[in-house]
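Let's start with one chain on its own, the form predicted alone, as structure tokens.
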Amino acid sequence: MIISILMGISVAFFGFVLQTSIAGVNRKIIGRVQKRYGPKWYQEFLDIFKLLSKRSVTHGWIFDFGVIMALGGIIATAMFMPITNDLMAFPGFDNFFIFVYLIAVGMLGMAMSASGSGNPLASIGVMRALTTMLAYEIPFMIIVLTIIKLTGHSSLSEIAMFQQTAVAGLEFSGTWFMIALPVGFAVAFLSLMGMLGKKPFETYIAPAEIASGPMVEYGGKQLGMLFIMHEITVFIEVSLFVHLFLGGAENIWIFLIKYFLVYTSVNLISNVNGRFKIDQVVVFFYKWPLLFAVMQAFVAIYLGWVI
């Protein structure tokens, strides 16, 4: 058990280093696309370490405890994430619903802390974040439940293995769900953009509108901890997408390539979009993505039409 816990902490640390590095590389890529030089790829690390070295202002124990709860919840969630088919800290505990439950702890801590700051702009950001989450989670869950129904597994590693290995009697086994469920893949990709807070769904942060949303009152060590939380959260969400729709990874190099391509694609699309208003976000997800998610589930489960 001690070895598993240490390995789980190593997975969370790996996720932080990986995502922070790739985020820095993406800042450089976006800079070049926009005909700028862009910051150094390790600038994200410098920003976080600089914040952790500074003093911070407190707004009470709820404000402080919420930050610790948020970071702890996200680290605990990342500990269960499989990297490859064989590289995981807790074999058999990579159930999709474990991630759904645990990641909510981190989000609840963030919401509790931001609301405890007493700043109305932070409360507005929290309300927008929860509203956005309610919008993209429903179509995403419909697609994931469809995958669970088709594979008979809710384990991420089992779902990944299903996409890698052909099974007698199942024509779509051995095929990535990106290909087998193309409409569902498109819905999940839009939902992923909402999860990552990318344009046009970055309404809850809304730079220059509500002073960066829930994080308006944070600075110093607390802001540095939330940046670490954010990087690990992105690692969890992108990794989920890789395992569910891109067949997971047989080795670490394949995982890194798939991870980089998914995150970079989201960033490139984000940087050519404007930003929706909060009501537009909800209407959008409850209109086309939800409709297409239900259609994909019906066609795949009841009609058996899977590519």
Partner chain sequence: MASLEFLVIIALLGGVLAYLVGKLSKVVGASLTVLVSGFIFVSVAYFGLNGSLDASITYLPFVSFEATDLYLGTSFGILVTFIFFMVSFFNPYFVDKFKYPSLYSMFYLFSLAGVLGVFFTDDFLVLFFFFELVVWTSLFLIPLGKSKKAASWYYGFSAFGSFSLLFAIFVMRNTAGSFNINDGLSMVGGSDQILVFILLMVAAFAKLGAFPLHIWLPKVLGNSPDPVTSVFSGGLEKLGAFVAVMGLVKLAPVGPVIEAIDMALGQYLIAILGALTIVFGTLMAIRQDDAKKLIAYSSMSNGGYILVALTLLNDTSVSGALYHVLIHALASTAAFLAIGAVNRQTGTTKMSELGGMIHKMPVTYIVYLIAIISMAGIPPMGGFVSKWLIFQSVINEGMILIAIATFFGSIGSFLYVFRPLAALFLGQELPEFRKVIKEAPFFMLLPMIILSGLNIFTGVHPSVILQYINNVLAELGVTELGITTWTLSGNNGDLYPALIAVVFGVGVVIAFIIFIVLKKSRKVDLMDTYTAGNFVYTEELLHYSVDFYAPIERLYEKHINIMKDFYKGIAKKVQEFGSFVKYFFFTNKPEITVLWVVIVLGILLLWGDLL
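Keep in mind it's a predicted model, so treat the numbers as computed, not measured. Residue numbers count along the first chain shown, from 1.
Omitted here: the form predicted together with its partner chain. The next part is about that form.
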item	value
Interface stretch in the predicted complex with its partner chain - options 268-276, 234-242, 45-53, 254-262, non-hydrogen atom within 4.5 Å	45-53
Contact label in the predicted complex: Phe90 to its partner chain, heavy atom within 4.5 Å	yes
Touches its partner chain in the predicted complex: Ile29 (any heavy atom, 4.5 Å)	no
Heavy atom of Glu250 within 4.5 Å of its partner chain in the predicted complex	no
Interface membership of Ile3, its partner chain in the predicted complex, 4.5 Å heavy atom rule	no
Selected contact from Val183, Ile179, Ala166, Ala104, since only one has a non-hydrogen atom within 4.5 angstroms of its partner chain in the predicted complex	Ala104
Residues in 148-165 with any heavy atom within 4.5 Å of its partner chain in the predicted complex	Ile148, Lys149, Gly152, His153, Ser154, Ser155
